[in-house]
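Before any questions on binding or motion, here is one chain by itself as structure tokens, the form predicted alone.
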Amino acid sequence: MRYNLFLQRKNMLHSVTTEQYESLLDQLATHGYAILPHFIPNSLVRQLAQRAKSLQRAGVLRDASVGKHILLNTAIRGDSTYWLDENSPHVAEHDYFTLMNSVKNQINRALYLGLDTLESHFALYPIGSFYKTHLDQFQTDIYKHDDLRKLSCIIYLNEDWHPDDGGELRVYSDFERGQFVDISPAGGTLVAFLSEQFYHEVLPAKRERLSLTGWFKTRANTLL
């Protein structure tokens, strides 16, 4: 029985096809962002969603902060989060990190982005909540950003999401000109974009909205 479960998990983690990886790399190389519906296996989507909901019931999700100095501002964002530990014994979290490590390796081999560590959290948006337009790199002072976050990766965990449910991720392809693309948070969709380049926001939804957001970071430059 344990061996059969191991084979099922192995097959699940290898269900991302060569064509999907090629599409991810082509979109990132061409546009700096990528949108891939059905990238994540349905079984993993369900397990991660169940994990997030169990954490919510346990009361361990916390109101999300804004910026590097841990400020709460519901006028900017209204989600609750739970940060994941790569060494967690939970099966779904382990499988998520295994899959994302494969994504990292594919991107580094093809695009030389120097991706290193991954930080991730579940994000649960109650009905009507949102996240105003922002970049995923923190402002460290008036002149510069914390540039360790290189690539943002969002996985949606919402089953049977319909267009009139709202909650789109709006990614600005050209922020100055107001050009953007709206992405439905349908379960299994992967969205990836360069953290330093693309402003984005979360629009209000008519249903509770669940995602798993991660940031691939590069190594800090320790040279003086």
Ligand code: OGA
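Numbering starts at 1 and follows the sequence shown. Keep in mind that what you see is a predicted model, and the values were worked out from it rather than measured.
Keep in mind the form predicted in complex with the ligand is missing from the figure; the text below concerns it.
Shown alone here, Phe130 lies farther than 4.5 Å from the ligand in the predicted complex, counting heavy atoms only. In the predicted complex, no heavy atom of Phe39 sits within 4.5 Å of the ligand. Though the partner is left out of this view, Ile154 does reach within 4.5 Å of the ligand in the predicted complex, counting heavy atoms only. Interface residue remark: Tyr125 is counted as part of the site for the ligand in the predicted complex, having a heavy atom within 4.5 Å.
Here the chain stands by itself, but in the predicted complex one stretch of 194-202, 172-180, 53-61, 31-39, 194-202, has heavy atoms within 4.5 Å of the ligand. Residues His121, Tyr125, Tyr131, His134, Asp136 of 110-136 are found to place at least one heavy atom within 4.5 Å of the ligand in the predicted complex.
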